[in-house]
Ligand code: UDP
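A single chain, nothing else alongside it, follows as structure tokens in the form predicted alone.
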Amino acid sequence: MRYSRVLVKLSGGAVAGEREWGFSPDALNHIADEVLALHSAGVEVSVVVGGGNIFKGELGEEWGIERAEADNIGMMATVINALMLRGVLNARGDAEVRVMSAIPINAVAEPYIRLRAINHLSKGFIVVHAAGTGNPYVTTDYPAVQRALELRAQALLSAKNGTDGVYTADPGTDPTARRYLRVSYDTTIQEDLRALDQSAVLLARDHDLPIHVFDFDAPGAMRCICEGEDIGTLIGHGSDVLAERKALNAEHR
């Protein structure tokens, strides 16, 4: 295994599936099966899940809700998603699953304590993190990187819906856009490639945390990444490599 401990970043859209809002049973089952498959392979797994399927920032703007209050609502949405995910994981497998919240909500989740979370992972528990950092003005990208670093994860697996990696431009509007096989932190930031929030990429760069951006709809993708396959795009140190360039080089050899 290339990685023995990872953090998986899921958006609220992953929970909604093809729906614009709410929950998709098929999507939740797929998430649970992919996480459980990774866990059964011996990888220690923690998860950060977003809340965009319940509440999005633009709704707050539309209704005139100030940013701090809107972010508080969004953090509570991530708690709901974390509890849903725990329920489905428990229903589809026998792994011990703990939800840890950055906002105290002791009736349904443990408080986030770094060393306790590490202890859970060491025992083979799956840990689902909710409520971001407990503070407004950040999306779940930054808490995902922060939690990965705090828990000594070897990589962040950033699951995407509808895209299979990081591209030179928006492939939906630019037919010349090409996918990166590997892209540096600096290029991601300077070119504003929007793989994750820039603050999250900066934090990962400063602490040398690899970020794998991949299509979560592809079955087995997370396990393949942990086993060493180059799926999607790896954000890290080093030179940029386009997927097509690697394929052409392989043909010439």
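Residues carry their position along the shown sequence, with the first being 1. Note that the coordinates shown come from a computational prediction; the quantities given were computed from them, not determined experimentally.
Keep in mind that the form predicted in complex with uridine-5'-diphosphate is missing from the display, and what follows is about it.
By the 4.5 Å heavy atom rule, the three marked residues 162, 165 and 232 all fail to count as contacting uridine-5'-diphosphate in the predicted bound form. Comment: 128-136 is the region of 84-92, 170-178, 128-136, 109-117 lying near uridine-5'-diphosphate in the predicted bound form, near meaning a non-hydrogen atom within 4.5 Å.
The contact with uridine-5'-diphosphate in the predicted bound form, taken as any heavy atom within 4.5 Å, belongs to 56 out of 39, 56, 223, 205. In the predicted bound form, uridine-5'-diphosphate lies within 4.5 Å of some heavy atom of residue 11.
At the 4.5 Å threshold, heavy atoms of residue 99 stay clear of uridine-5'-diphosphate in the predicted bound form, well away from it. Shown alone here, residue 27 lies farther than 4.5 Å from uridine-5'-diphosphate in the predicted bound form, counting heavy atoms only. Contact between residue 158 and uridine-5'-diphosphate in the predicted bound form is not found at the 4.5 Å heavy atom cutoff.
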